[in-house]
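Quick heads-up: it's one chain on its own, the form predicted alone, in structure tokens.
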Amino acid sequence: MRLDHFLSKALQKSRTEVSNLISKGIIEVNNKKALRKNMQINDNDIVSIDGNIIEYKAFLYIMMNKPSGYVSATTDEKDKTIIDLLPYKRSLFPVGRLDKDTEGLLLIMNDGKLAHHLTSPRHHIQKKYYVVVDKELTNEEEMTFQSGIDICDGKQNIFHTKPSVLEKINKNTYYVSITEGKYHQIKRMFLYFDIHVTYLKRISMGPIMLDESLQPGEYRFLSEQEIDLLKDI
């Protein structure tokens, strides 16, 4: 592979930006300055910039604390997208979606096979949310909520929810765990009882918990252990 091709992919920079780095003499191959952008390298060569080894990974796996006001899409004509918060492009896309005004855990990657696995309904991957509402559920309503109710799926079709887990924190705050992800599902589930959701945040997806150190809009790469956990679901 040509050196400039490798650097462009590994650093997510344009060919012009890469050429400028090479011309500055800060790129080294096997501890020697590389001054030709068309230099051929192979898997055994060690490429570094300012002494830091550069590694290229075909797949990127990112955890983001999605902020309110951003849509879970790669492009949108009206709204800002979660991809706008990333310096990396490389065909990244969100795994599933969170509503525009919903915050919390969102996985972003360019591994289509794993993303399909994680979003397939047949795998019943549990997603847990922190929910604030404007009115308390009664004990009877809590039981009904968890056993399954009929809601609209966003396409004017009636949809019966699968059993869910409801954990009461206080009279206006709950944890809700579901294995589905229909349009506005949690909001519609509470609305069935004439209760409105005022704040919604996803805190986990399968074995992956939202990193509490991430502020809204911040992100980090998944660890190898976290990636393995997702692949083992």
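When you see a residue number, it is the position in the sequence shown, counting from 1. Keep in mind it's a predicted model, so treat the numbers as computed, not measured.
Only in words, not in the display: the form predicted in complex with a small molecule, which the text now covers.
The small molecule is not drawn, but in the predicted complex it has no heavy atom within 4.5 Å of residue 111. Contact annotation: residue 129 falls within 4.5 Å of the small molecule in the predicted complex, judged by heavy atom distances. The small molecule in the predicted complex is not approached by residue 161, whose heavy atoms all lie more than 4.5 angstroms from it. Mapping the unseen interface onto this chain, residue 99 counts among the residues with a heavy atom inside 4.5 Å of the small molecule in the predicted complex. 185 is the sole member of 68, 204, 185, 172 with a non-hydrogen atom within 4.5 Å of the small molecule in the predicted complex. Checking 64, 176, 27, 200 against the small molecule in the predicted complex, a heavy atom within 4.5 Å turns up for just one residue: 200. Residue heavy atoms within 4.5 Å of the small molecule in the predicted complex occur in exactly one stretch of 117-125, 75-83, 138-146, 91-99, and that stretch is 91-99.
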